[in-house]
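Heads up, the chain shows up twice below as C-alpha cells, two forms, tagged structure 1 and structure 2.
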Structure 1
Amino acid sequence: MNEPRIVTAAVIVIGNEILSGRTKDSNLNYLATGLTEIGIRLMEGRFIPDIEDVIVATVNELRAKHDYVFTTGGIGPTHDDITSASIAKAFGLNWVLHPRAEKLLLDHYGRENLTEARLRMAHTPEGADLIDNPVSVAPGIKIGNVYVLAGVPRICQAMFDGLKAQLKGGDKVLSRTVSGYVGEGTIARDLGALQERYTMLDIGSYPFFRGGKFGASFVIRGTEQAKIDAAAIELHDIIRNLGAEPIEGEPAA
C-alpha cells in the first residue's frame, strides 16, 4: 500500500494589535479550514509581533520545514507595516517597487492620490509574484513557498480564495467523530490502546459538559476511510463497555 502523500503548511499571524488583544484573529481558522479541504495539513500557527528580526527568523524557520507558509498582516501603508520588507530580508532580496503593483495602485487611486505611504504597498521582494486583491486592489505577495496576505479578514480571505486553486495538496484528511458521556480519565487507557493499534490515524479527545453531565467527543482523523471506520467500531465497543451509549458525531446541545 502506498504511503499517504502529506503536504504541510504553517500560518504566521503578524501584528501587535493581535497580541495585545485589541484585534481578534479570524484568519487562522479560515486558512486552516480551506487548506484541509484541499489536502494540505496545517501543522503550525504562530502569532508574532511587528518586529523585523522576529519576522525574518520565523519565516526562515517555517519555510524550511513546510511546503507552504502563509503570513497575514503588516502589508498596509503605515510605518508599522513591515512584513513585506522583512520577508525580502528573510530571502536576502532587495525590496523594490513592483511595476505591476504600482500600476494597479495608480489606476485605483489616481496620480494625485497615490501618496508615498500608499506606494509602500507596491513594494515587494525582488522577483516576487503578486496575489490578486479583489477587495481593495493592493496586492499580496508570493515569493518561493511563502504567501503574504493582508490582515483584514475580508481581504485575507478573498486573497486566499483566489489563490487556493494554485495550491497542490496531498491526500485529503478524513475524519469521523464519536462521542459519549464518559470521562476522559475513565476512557484514557482504552483510548491510548486504540491509538497504538491504529498508528496511521490521529485520535483526539475533546471534553464537554452538557445537561449536567461530563463527556467527550473523540475525533478520528486519517487518509483511509476503512481504517477510520474500523477504529470507530472499536471505539463504540469501548464506550459501551464503560456503561455509556456511543453517539455518532457531536451530542445534541
Structure 2
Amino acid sequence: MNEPRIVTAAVIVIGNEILSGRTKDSNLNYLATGLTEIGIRLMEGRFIPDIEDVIVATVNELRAKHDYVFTTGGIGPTHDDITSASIAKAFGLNWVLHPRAEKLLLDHYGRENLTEARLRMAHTPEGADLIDNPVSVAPGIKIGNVYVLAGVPRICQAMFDGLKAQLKGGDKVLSRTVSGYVGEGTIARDLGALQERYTMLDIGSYPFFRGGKFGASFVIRGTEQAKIDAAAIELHDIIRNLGAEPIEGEPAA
C-alpha cells in the first residue's frame, strides 16, 4: 500500500462585515466542497478583518504551511479593499498596474468611466497572474501559491470554477455515508471500536433529529474504497444489532 499523496489548502475569508455578523459567508463551504472533489484537503479556514498587518501575517503563515491558499474578499475599488496591496506586501513585492488587467477594465468601462478607484482593481503584486472573472470583469490574482478571489459569492465561485482545472490535487478523499435511527450514545462504543479496527479511515458521527426521532449519519472517509466499503458493511451490522435499519447516505428529509 502506498502512502496517499496529500495536497493541502487553507482558505482566508477577509472582511469586517463577516466578523460583525452583517454578512454570512458562503464561500468557505463552496471552496471546501470543490477542493474535496479534486483531491485537495482543506486543513484550515481563517476569518480575519480588513487589517493590513493581519492579512500579511496570515497569508505568510499559511502559504508556508499549505500547497494552496485561497483568499476571498477585499479586491473591489473602494478604500476598504486592501487585500491585493496587502498580499503584495506579504510577498515583499511592489503593487503595480497590470497591463492586461488594465486593458480588461478599459474594454469594459471605457476610458471615461475607468476611474482611479476602478484602476485599483487593475493593480497586482508585481509578476502576478490574473484569474478570470466572468461575472464583472475585474480579475482575481494568483501569486505564488496564493489565489486571491472576490468576496461576492457569485464572483468568488465563478473565479474558482474557472481555475479548478489548473489545481493539482493528490489522492482524493473518498467517502461513504451510512445513517441509522440510533442514538449516538448507544452506538458510540461499537463505532469507536470500528474506528480502531480501521485506523486508515476517518469515521465521523453527525447526529440529527428528524420526524420526531433521533439518529445519526456516520461518514467514513479515506483514500481506499475497498477499506471504506468493508467498514461500511461492518457498520450496517452494528446498526442492525441495535435494532435499527441501516440507511445508505443521509436519511430522506
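Only the largest set of C-alpha atoms that superpose within 1.5 Å between the two forms is called the rigid core. Being a predicted model, the structure only gives us computed values, none of them experimental. Residues are numbered by position in structure 1's sequence, first residue being 1.
Looking at both structures, it is structure 2 that matches the form predicted in complex with another copy of the chain. Of the residues Ile82, Ser205, Asp229, Val173, the one at the hinge where one rigid part turns against the other between structures 1 and 2 is Val173. Superposing C-alpha atoms between structures 1 and 2 reveals a rigid-body rotation of the smaller part against the larger of 12 degrees.
Core superposition places the Cα of Thr186 4.2 Å apart between structures 1 and 2.
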